[in-house]
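Heads up, the chain below is alone and in the form predicted alone; it's given as C-alpha cells.
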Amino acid sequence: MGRVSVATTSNLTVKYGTFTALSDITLEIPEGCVGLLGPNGAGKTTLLKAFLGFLDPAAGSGTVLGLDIQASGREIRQRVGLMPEQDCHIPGMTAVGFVAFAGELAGMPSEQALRRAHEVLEYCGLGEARYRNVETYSTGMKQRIKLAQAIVHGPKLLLLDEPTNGLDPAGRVQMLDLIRSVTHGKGVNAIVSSHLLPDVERVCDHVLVLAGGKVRSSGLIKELKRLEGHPVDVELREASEEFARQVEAAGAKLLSAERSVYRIQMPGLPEETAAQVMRAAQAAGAQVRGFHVAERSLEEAFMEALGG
C-alpha cells in the first residue's frame, strides 16, 4: 500500500498582482514530517497560505486532508494547526486563556478547550508559566506557546513556519525535540517550512525544495543524500599507501584519501565491497577502524537542487 498524501497541488499558480509567487506547481506531500526548504522569497509561506485557503489561485487546484483549498478553507483551518512565523499572541491574556481561546476558535467547547489548554501548555514546558500574560514571555516561551495553540484542538496536520526563529542554540534544540515528539508516533503530520537545513534534517524524513516559486526537488532525505554508485568511506587506524594500492588492484576506484579516511567505489553492492576492503586491509597490514556507506550532506543535495 502506497503512502497517503496529506496535501496536493495540481498546476497551482498564485500571484500577488503581477508578481507570480507560485508557478504551475504540482506536488504531493506524504504523511509524516515533511520539510519545506528554500531560500527567502522561494514561495514557502505562500504555499502554506494557499493550503489554508487564504489565497485565491490564479490557476490550478489543491487539497489538504482531502478537502479542496478553494471550496473548503474554513473546514481545513479547523482541522489544521498553524504555527505562523510572526508572533500571534494577544497581549493582556494569560497563556492558558490564549491557548483555550485558540481551541474555541477551532470549534472546541469552552470547557474542553480550557482543559486541553492546560495539557498542551504542560506538554510544551510552560505549565509553571500558564497564568502569566503572554507578552511577558521570553522569545523561546513565545515560540512554544505558538506550538501549544497550534496543537490544542488535536489537528491531523501541522503547518510550522520557521519554528526556530529567534531561538538560541538551547532553545532551538528544545523546540526541535518538541516537534519531533509531536510528529513521530502520534499520528500527527507536519509540514515544517524553514531555510535552516540542520533543523529540517533533525525532525523531517521527507523534504521538498522550493525556489523561485517552483518545485526544484523532492524525496526522502536519505535518498537525496545518497551518492551514485554506493561509494564507501573506510577509516584506518593510520594512513596506508599499501592499502590504497591493494584496493585499486582489486578493481576499486579510490575517489579520495584524506588523512586515514579513504572513499572507495567498487563494482557491486556495499556488502561485497566490505569483504573486498577487509581483504585489502589484511594484505596491506592495515587496521580498519570504521566502514560505512558514504553520503553527501543535505546542504550539497540542496545546492544541487538550486542549480549550483
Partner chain sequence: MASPIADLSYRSYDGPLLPPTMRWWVVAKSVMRLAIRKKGFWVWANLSYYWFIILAAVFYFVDVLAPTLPGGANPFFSRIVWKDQFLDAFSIAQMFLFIIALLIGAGAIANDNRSNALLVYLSKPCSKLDYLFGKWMAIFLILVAITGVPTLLFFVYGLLSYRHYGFISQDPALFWRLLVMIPVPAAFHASACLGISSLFNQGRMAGATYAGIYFLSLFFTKAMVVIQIIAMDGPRGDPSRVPSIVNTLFYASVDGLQIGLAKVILQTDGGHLLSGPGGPPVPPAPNGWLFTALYLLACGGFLAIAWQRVRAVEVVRG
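These figures come from a predicted structure and were not determined experimentally. Residue numbers count along the first chain shown, from 1.
Omitted from view is the form predicted in complex with its partner chain, to which the following refers.
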**OP:** Identify, from the list D168, E235, E135, E223, the residue with a heavy atom within 4.5 Å of its partner chain in the predicted complex.
**Re:** E135
Subject >> Contact residue in the predicted complex, chosen from M141, L197, V209, M108 - any heavy atom within 4.5 Å of its partner chain >> reply: M108
Original post:
Looking at its partner chain in the predicted complex, is some heavy atom of each of S256, R296 and M303 within 4.5 Å of it?
Top reply: no
Subject >> Options 189-197, 211-219, 143-151, 224-232; stretch whose heavy atom lies within 4.5 Å of its partner chain in the predicted complex >> reply: 143-151
Original post:
Counting only non-hydrogen atoms and a 4.5 angstroms cut-off, does D87 reach its partner chain in the predicted complex?
Top reply: yes
Original post:
Using 4.5 Å between non-hydrogen atoms, is G285 touching its partner chain in the predicted complex?
Top reply: no
Original post:
Is the gap between R180 and its partner chain in the predicted complex 4.5 Å or less for some heavy atom pair?
Top reply: no
Original post:
Can A102 be called a contact residue for its partner chain in the predicted complex at 4.5 Å between heavy atoms?
Top reply: yes
Subject >> its partner chain in the predicted complex - contacting residues of 11-39, heavy atom within 4.5 Å >> reply: Y16, G17, T18, F19
